[in-house]
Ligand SMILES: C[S@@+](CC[C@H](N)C(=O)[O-])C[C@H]1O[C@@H](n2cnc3c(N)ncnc32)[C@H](O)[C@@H]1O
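First, one chain by itself: the form predicted on its own, in structure tokens.
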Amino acid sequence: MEKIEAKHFKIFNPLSKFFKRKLSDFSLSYKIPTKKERDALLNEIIEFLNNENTTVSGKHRKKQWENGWNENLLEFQKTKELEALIPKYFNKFKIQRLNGDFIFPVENNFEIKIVSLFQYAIFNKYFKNEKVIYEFGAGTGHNLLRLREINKNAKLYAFEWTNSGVKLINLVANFLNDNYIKGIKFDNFNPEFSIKLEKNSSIYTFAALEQLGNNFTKFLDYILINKPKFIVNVEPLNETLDNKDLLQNLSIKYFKKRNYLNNYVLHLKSLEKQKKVKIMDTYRTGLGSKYIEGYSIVVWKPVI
């Protein structure tokens, strides 16, 4: 039996007292798979990659996202519990990744808790003192509520392409009497350029741009025109992984199979050569789930 410890988040050092308290409260345990169990998981992934009937991401799936967030909306309207905001895809698989390899969580809600810890560390490092923050692809708004725990005073804008998501976010803001959380309809595939970002604002995405595949240039055009202070993208980034490592290579193949975000960092590097952006940080976290190591980070800013 092993436990999640501060060392697993060392890329975010120094860790705050708030983070350490949350880490202690969650007290997450896990087991290491045997070689036989690990080989079985590898075979399952390879079988999936060889399956021709795979759902791919893209704007054609908007209805599915609309229906999914509506399920959360209806649950929140019924229970008035913030736990109703947690997307149903969390804890779908009883296997997670830590330090780039498989682990078997002990707790049933392990995945959302370790993701929460991950977000607390990111938000503390980059957004603790920001005044205006935008999340693009906010879904149910559950990420913003963790950000609010770190930053009590910022204006938080949740850009979301589904009606049910926007309705839920604004319903929760009203429920919490938080006048500085606002959901706004916005499509990352086809940005509405008439919607202007506030000056001196910052941005993050969390497993949202993955849906864009190769179609991220309009999104970047929108960002460059609005010139925020900086952007933190937490996404499945193929450029942070090593295709000579088996598990990382299978992640890259999964990204391609599902049509996830592709060559995003490579494109940012191209823009950097053109002196249009500056890349500030790039991290491989080693965190993920059964099929992918999906939480890599790139931090960048437009060159003004």
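All residue numbers are counted from 1 along the displayed sequence. Just so it is clear, the model here is predicted, and its values are computed rather than measured.
As for the form predicted together with the named molecule, it is not shown, yet the points below apply to it.
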In the model of the complex, do Glu239, Ser289 and Val298 all reach within 4.5 Å of the named molecule through at least one heavy atom apiece? no
Heavy atoms, 4.5 Å, the named molecule in the model of the complex: which of 62-70, 37-45, 265-273, 242-250 makes the cut? Say which one. 62-70
Considering non-hydrogen atoms and a 4.5 Å limit, which listed residue (Phe175, Phe189, Phe193, Phe93) is close to the named molecule in the model of the complex? Phe189
With the partner omitted here, the residue among Leu147, Ile122, Ala208, Ala158 that in the model of the complex has a heavy atom within 4.5 Å of the named molecule is Ala208
4.5 angstroms heavy atom contact with the named molecule in the model of the complex for Gly183: no
Looking in the model of the complex, any heavy atom of Gly100 within 4.5 Å of the named molecule? no
Is the gap between Pro87 and the named molecule in the model of the complex 4.5 Å or less for some heavy atom pair? yes
Is there a heavy atom of Ala138 lying 4.5 Å or less from a heavy atom of the named molecule in the model of the complex? yes
